[in-house]
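The form predicted alone is given below as one chain in structure tokens.
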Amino acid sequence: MNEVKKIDYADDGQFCSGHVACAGCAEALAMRVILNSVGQNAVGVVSPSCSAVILGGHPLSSARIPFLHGTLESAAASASGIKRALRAQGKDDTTVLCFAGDGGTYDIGLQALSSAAERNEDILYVCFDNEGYMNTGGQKSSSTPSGAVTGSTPLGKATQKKNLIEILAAHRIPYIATVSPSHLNDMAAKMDKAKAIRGTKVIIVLIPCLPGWGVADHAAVSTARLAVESGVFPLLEIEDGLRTRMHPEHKIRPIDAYLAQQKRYRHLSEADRAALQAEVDANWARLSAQAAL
């Protein structure tokens, strides 16, 4: 019988009930762990996204720390300015946290994030990656994986997901990590580690979108777990753009079960699924080779 691993993190009430996320949304779960890991000595920036809807506006925010609601393209720039202002006030130990979606990170906000990374601004940037513009009708983003049906790719996306992790690694920033709501202890540990590092830190959180992916209301976490276990979304860390570490769990299953939980992949033929499996296997082999160096 497998040993049950309990979730081990302190909930200090940094995330409030009464938010308006979809019932069963894994982003609210991830946000709870992240905010409790960051603590009270923090200021946040949030770009227009599901995160902004979940947090809400003052005085109805679901977060105990103050959040600035910015524009879609400027989250990293706004966070950089806030950090510099705090430093000028002698508050260099205050964490500046950034919440954005994949549309505001992979696409519209990439220029500001790249610029902040090039300057190595001391910010903690969290991307909730639900692989599409899910807050505006479920259109594709450059984070949408190949083959997935979206509002703007009704026959399935013809191109692969943008490899943002390696784009950021090329900036040689101190810390990049991927985390999943299915592995909350791993998420909390990586948040603690990132908080202690000076410079630009980027955390990418996989968020299965219930309506956008066509996932059952109770299945967001199990879908995220299947993504990790099949190697679709490897859990990893990259330090200084050079040292790669993989999650200790190995890729243990094919992608079929992961695809079967989502309506966005139901149109795929057997050949299409085989092509996706080959894509996942190649990516896993490349990352494993990097981690072995």
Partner chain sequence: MNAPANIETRQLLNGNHAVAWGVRLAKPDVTPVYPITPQTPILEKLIEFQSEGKFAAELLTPESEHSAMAACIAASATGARVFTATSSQGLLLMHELLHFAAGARAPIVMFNVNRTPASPWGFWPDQIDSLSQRDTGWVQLYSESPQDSLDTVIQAFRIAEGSMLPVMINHDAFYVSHSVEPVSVPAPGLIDEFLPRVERPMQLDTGAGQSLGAPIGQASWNRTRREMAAAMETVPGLTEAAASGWRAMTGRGGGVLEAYRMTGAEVVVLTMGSMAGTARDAVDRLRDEGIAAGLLKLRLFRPFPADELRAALAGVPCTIVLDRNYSPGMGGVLHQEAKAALYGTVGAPRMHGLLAGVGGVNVDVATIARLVRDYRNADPSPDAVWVE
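Residue numbers count along the first chain shown, from 1. What you see is a predicted model, and the numbers here were worked out from it, not measured in a lab.
Not pictured, yet referred to below: the form predicted in complex with the partner chain.
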Legend entry - in the model of the complex, segment of 118-126, 180-188, 194-202, 151-159 with a heavy atom within 4.5 Å of the partner chain: 118-126
Legend entry - residue 56 within 4.5 Å of the partner chain in the model of the complex, heavy atoms: yes
Inset, instruction - Evaluate residue 73 for contact with the partner chain in the model of the complex, applying a 4.5 angstroms cut-off between non-hydrogen atoms, and reply yes or no. - result: yes
Inset, instruction - Report whether the minimum heavy atom distance between residue 89 and the partner chain in the model of the complex is within 4.5 Å. - result: yes
Inset, instruction - Verify the contact flag for residue 36: yes if a non-hydrogen atom of it lies within 4.5 Å of a non-hydrogen atom of the partner chain in the model of the complex, no if not. - result: no
Legend entry - in the model of the complex, the residue from 236, 68, 268, 29 that sits within 4.5 Å of the partner chain by heavy atoms: 68
Legend entry - Contact assignment for the partner chain in the model of the complex, among 77, 169, 97, 134, heavy atom within 4.5 Å: 77
Inset, instruction - Would you mind checking 24-42 for residues with a heavy atom within 4.5 Å of the partner chain in the model of the complex? - result: 40, 41, 42
